[in-house]
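Two versions of one and the same chain are coming, encoded as C-alpha cells; call them structure 1 and structure 2.
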Structure 1
C-alpha cells in the first residue's frame, strides 16, 4: 500500500544529515511519497525501513515480460485508471488461440498467420504478439507435439500455454526453455503443482479463479510458493463482467495498493462472430487488459485493433506531431498543387486524407509548429508569414515544381499579402477554412 510522506518519515533516521541532497529527512520523505526520489539516496536507512518502503514503492501493477528477444512482450507498470491522467504504459498484447485438437496443417497455417501479421502503421511496427496454445484435447502428448510444431513454425513468437493438467503444462513448457512462456493456468485445484512447474522452468504463471476473492487468495499462495511473475484472470467472459472485474482489479492495485491483484490481466474474448470478437477486444484494450486472447486474426480485424491500441496508448500530454517536410500525396507532377499547413498530426491526417479523397495528386508542406493546429499556431506566432516564407524557400520544393503557387489554409487568409511580400515571385492562394471543403476546392480549380 502506498505510504504517505509522514508515514515514510517515521521510517527514516531523522538525523537531517542532508546526505540525500535534501535539507531534512521530512523533505526527502515527501519526495519519496511523490515517487520523485529513490530510497538509495539515503545511506543510513535501516534494513527494516528498506523492506517496508521497498514494498510500498514497488509499482502498483507488477512489471512482467514474457517471451524473449525482440518480440518479448512487456506488461504491467500501469499507474492510472484514465488515460488523460497519464500515459498508459505497456500496450495490451493480442494473442491468437491455437487448439491442440487441430491438424498439423492447421496449426502450421495459424502459426504462419501470426508470424506474418506484422504491419507498419504511422512509423510503428505492429503485430499479433503471441500464440495461446490450448490443451483442448486434454491429452498431454497431443499438447506437447502441438507445442513442438508451434515452436518450429513461430520460433520467435512468445507463447501462452493453456492447460489445466500439470502433466501437459510440464511437457510443453520444456520446449520453450529460455523463452519465458506463460503457463495458464493455475487454479484452486492444481495450484501447488503449477507453481512448482512455473518456478522450475522460469515461466510466468497465469492464474484463473472464480471472482476476485478467490483470485487474491491464489496469487498470495503462489507468491508464498516462490513465484512472483503472474498474469491474472478473474474468470470474467461476458463484456459486462470484464469491465467490472478489470476495473475493480485496476482500482484495487492503484488506489489501494492491493498487492494480490497488482498483476497484468489476461482476458479471453473468443466469439463465434469475428466482428463481435473484435469489439470484445476493443473493450479489453480500453479497459485495462494486458493480454486479450482471440480466436481469429483476419487482416481487417488486426488493422482496426492495432489502430485502436495505438490511439488508447498514445501519450495524452505530448501534442501529436508529424515530421516537418513536403509530403507527396499520390504522384504529383511538376504542376501539381502545393498546400501548406501545420504539423499537428490531426491536422495532417485530415488534410492529407481530404486531398487523397479528391484524387488530385498534390504536395503538402507540413511546417513544424510544435504540434499546434492552424489557428492556435497562428495565434502563438508559430505560423507566421516570415516563418512560412523561410520554410518554403529552404525546403527546396521550388526545384520540383513548375509553378510558384502556394495554397494556405483559409483560417490564415490574412497572411496572404505578407507571405507574397516575403516569397518573391510566388502567388499565394487562399484555400478552404475546413479540410472537408478541399475536394470541392480542387475540383473547381481544375474545372
Structure 2
C-alpha cells in the first residue's frame, strides 16, 4: 500500500536542507506521496529508506517496455481507475495476429501492413504497435521460420511470440535477441520452463490462466523464479468477462495494492466479423487493456481505434495544443495571405489542412490560448484584440510580408474593429466561420 506523506516524512533525513528543491522535508514528503516528485532528488536519504520508499512509491501497475528503439512499447505505470482523477499514462498497444500456418507470402503481406499502418493525426504518429506471432501449427520449426520472416520484413516492430510449447518459444525468441519480445503462453503446466526461457533471453513473459485466482498464483510463482516483467491474461474472451476481469485486476492493483495482479493486461479480441472485433477492441482500450490483439487491420478500423485511444489517453485537464508561432503553409511569398487562429491542436490541423487543400500558399499565425478553441478562447478572454495585436507585433511577421492584412476567424468577427484600432495601419479581414470554407474563400480572393 502507498505510504502517506507523514509516513514518508519519518523516513527522510529531516534536515530541511532544500537540496531537493522544496523548502522542507515535510513538503518534499507530501510531493512524494502525491507522486509529484522523485526520491532521487534527496541526496541524503539512507539506503534503508530508499528501499522502503522505492517499494512504496512504485506505481501499482508495473511499468514494462517491450521492443527496442523508437518503436518500443511502454506499458503499465498506471495509478488511477478513472482518467478524470489523473491522466492514464501509457496508451494501449494494438497488435496484429499473424499465424505460422500462413504462407510466406501471406506473412510478408501482413507484416508489411503493420509497417505501413502509421498515420499522422493532430500532430501525433499513430500506428499498429506490434505483431503477435502465433504458433497455430504447434510445430516449432514452422514457428521459427515464421519468426525469421517477421524479423526480416518488420525489423523495428515489437513482437509477441504466442506459444505454449517451450521448445517453439525458445527457438523463436533467439531470433529477436536484444529486441525484448513478449513470450506469451506461460501457464500452470509449463510455467517453470517458460520462466527460464524469459529470464535467459531478457524477455517479457505473457501469463495466461483460467480466472484471477489462478492468474495471481502463477504471477507469484513466476516472480519467485526471478522474472519480474510480465503481462497477464485472465482468460477472458467475451465482452462481459473482459470488462469484469480487467476492472477487477485494475481495482486490485490500485485500490488494494495487490502486487500479484499489478501487471499490464493483454486481451485477445479476434473475431470473424471485423465490426464485431472493432467493438471488442473498443472495450479493451476503454477498460484497462495494455495490449489488444486483432486479427485484421483495415484502415477504417485503425482510424476508429487510433482516434479512440488518442482521446482516452490525453490529459483531460490539459487541452492538446501546438506551439505558438507563424506557420508557413506551402511556400508563401511576401504577398501571401496571413491567417490567425488559436493553438488548440484540432483547430490548427483542420485549418492548416484546409489551407493546404486550397493550394494557395499562406501563413498561419497560431496564438497561444492555452489550447482552447476560437470561441472558447474568446469567451475566456484569451483571444482578444489586445492580445492578438501584441502577438502579431512581436512575431516579426511584418518583415516577411508586403501587406498588412490579417484574416481573423469568422466566429470572432466582432473583434475586427478593435484589432484594427490596436494594430495601427493594418487591415483586418473577416474570414470564414467554418474551416471547410477556406478553399473557396482563398480562390475568390485570387480570382
Partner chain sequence: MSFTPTKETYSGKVYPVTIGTGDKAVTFGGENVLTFHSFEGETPNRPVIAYEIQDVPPTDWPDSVKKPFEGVSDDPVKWAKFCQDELKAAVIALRLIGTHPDKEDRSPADASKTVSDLLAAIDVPLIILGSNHAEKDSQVLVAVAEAAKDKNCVIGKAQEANYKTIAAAAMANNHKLIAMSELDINLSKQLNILITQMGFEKERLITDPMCSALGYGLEYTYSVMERIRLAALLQQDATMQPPMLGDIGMYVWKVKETHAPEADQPQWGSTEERGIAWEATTATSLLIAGAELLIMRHPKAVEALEKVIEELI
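Values in this document were obtained by computation on a predicted structure and should not be read as measured data. Residue numbers count along the first chain shown, from 1. Only the largest set of C-alpha atoms that superpose within 1.5 Å between the two forms is called the rigid core.
Undergrad: So which is the form predicted in complex with its partner chain here, 1 or 2?
TA: The chain shown as structure 1 is the form predicted in complex with its partner chain.
Undergrad: Rigid core fitted, is the C-alpha displacement of residue 337 between structure 1 and structure 2 2 Å or more?
TA: Residue 337: C-alpha displaced by 2 Å or more between structure 1 and structure 2.
Undergrad: On a rigid core superposition, would residue 376 pass a 2 Å threshold for CA movement between structure 1 and structure 2?
TA: Yes, because once the rigid core is superposed, the C-alpha of residue 376 moves 2 Å or more between structure 1 and structure 2.
Undergrad: On a core-based superposition, does residue 135 travel 2 Å or more at its Cα between structure 1 and structure 2?
TA: No, because once the rigid core is superposed, the C-alpha of residue 135 moves less than 2 Å between structure 1 and structure 2.
Undergrad: Where the core is superposed, what shift in Å does the CA of residue 399 undergo between structure 1 and structure 2?
TA: On core superposition, this C-alpha lies 11.7 Å from its counterpart.
Undergrad: What is the C-alpha shift for residue 387 between structure 1 and structure 2, rigid core superposed, to one decimal in Å?
TA: Spelling it out: core superposed, C-alpha of residue 387 shifted, distance 3.6 Å.
Undergrad: What is the magnitude, in angstrom, of the C-alpha shift at residue 417 between structure 1 and structure 2 when the rigid core serves as the superposition reference?
TA: Spelling it out: core superposed, C-alpha of residue 417 shifted, distance 6.3 Å.
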